[in-house]
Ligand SMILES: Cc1cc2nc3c(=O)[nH]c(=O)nc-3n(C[C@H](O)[C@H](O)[C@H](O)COP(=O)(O)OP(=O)(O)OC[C@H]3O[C@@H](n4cnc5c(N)ncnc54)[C@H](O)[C@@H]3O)c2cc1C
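Form predicted on its own, single chain, as structure tokens, below.
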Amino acid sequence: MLLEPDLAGRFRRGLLFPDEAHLDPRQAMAALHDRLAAMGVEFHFGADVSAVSGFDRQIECTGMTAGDDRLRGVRGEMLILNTPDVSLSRPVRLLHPRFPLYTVPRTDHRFMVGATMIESQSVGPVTARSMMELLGAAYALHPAFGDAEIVETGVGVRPAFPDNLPRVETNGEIIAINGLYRHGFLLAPAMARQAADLVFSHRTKELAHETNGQRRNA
């Protein structure tokens, strides 16, 4: 049985990771927002965080804007292509001789094609070189991408520590999560769990201290 019939006969071999999954980050963020809002979480977009007060703990996860001198920016560029002539059911990675590529299927025959890794903090538009490399690698994956519509281009700067590993750190009442590099959505649940454990372990110690104080005063 062919797992990806549209790629039949194009490549001699490939690797299958049956437990691998993928998601649309935009849909995921919207779903998370709606779920948290339904649970009573308040969102204040564009608020001045320097004026925030009255909370036991603050969780800081602002990426490159955190002002941490240890962070460096790794620029990533991507395209979204639209073509009815290609169907894929899972992400496909192409080990291109010059440019490794991944293609992730979205809805309505759209595909996210990425992504570059450039040591730069520039947030300017996608460069001509990256555009040509992404399109050339997509065409090598399937010639039908040569006739695809370029629906969107995107650029982002990923915060990374020197070792490219994420960190959850505490500084007084502030818990900082940063350095997720290229793996934000993959590592976010684990990082959130670490931050939550720090918050609740801190609160547990406070409650224990208050209880012991009440007992002494009784």
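Residue numbers here begin at 1 and follow the sequence given. The structure displayed is predicted, hence computed values, not measured ones.
Form predicted together with the ligand: not shown, discussed below.
Annotated contacts: P84, P100 and Y139 are all free of the ligand in the model of the complex [non-hydrogen atom within 4.5 angstroms]. Of the heavy atoms in T62, some are within 4.5 Å of the ligand in the model of the complex. Contact annotation for G76: at least one heavy atom lies within 4.5 Å of the ligand in the model of the complex. The shortest heavy atom separation between V168 and the ligand in the model of the complex exceeds 4.5 Å. None of the heavy atoms of V92 is located within 4.5 Å of the ligand in the model of the complex.
Heavy atoms within 4.5 Å of the ligand in the model of the complex are found in one stretch of 84 to 92, 108 to 116, 123 to 131, 143 to 151, which is 108 to 116. Contact residues in stretch 180 to 199 (any heavy atom within 4.5 Å of the ligand, taken in the model of the complex) are L180, Y181, R182, H183, G184, F185, L186.
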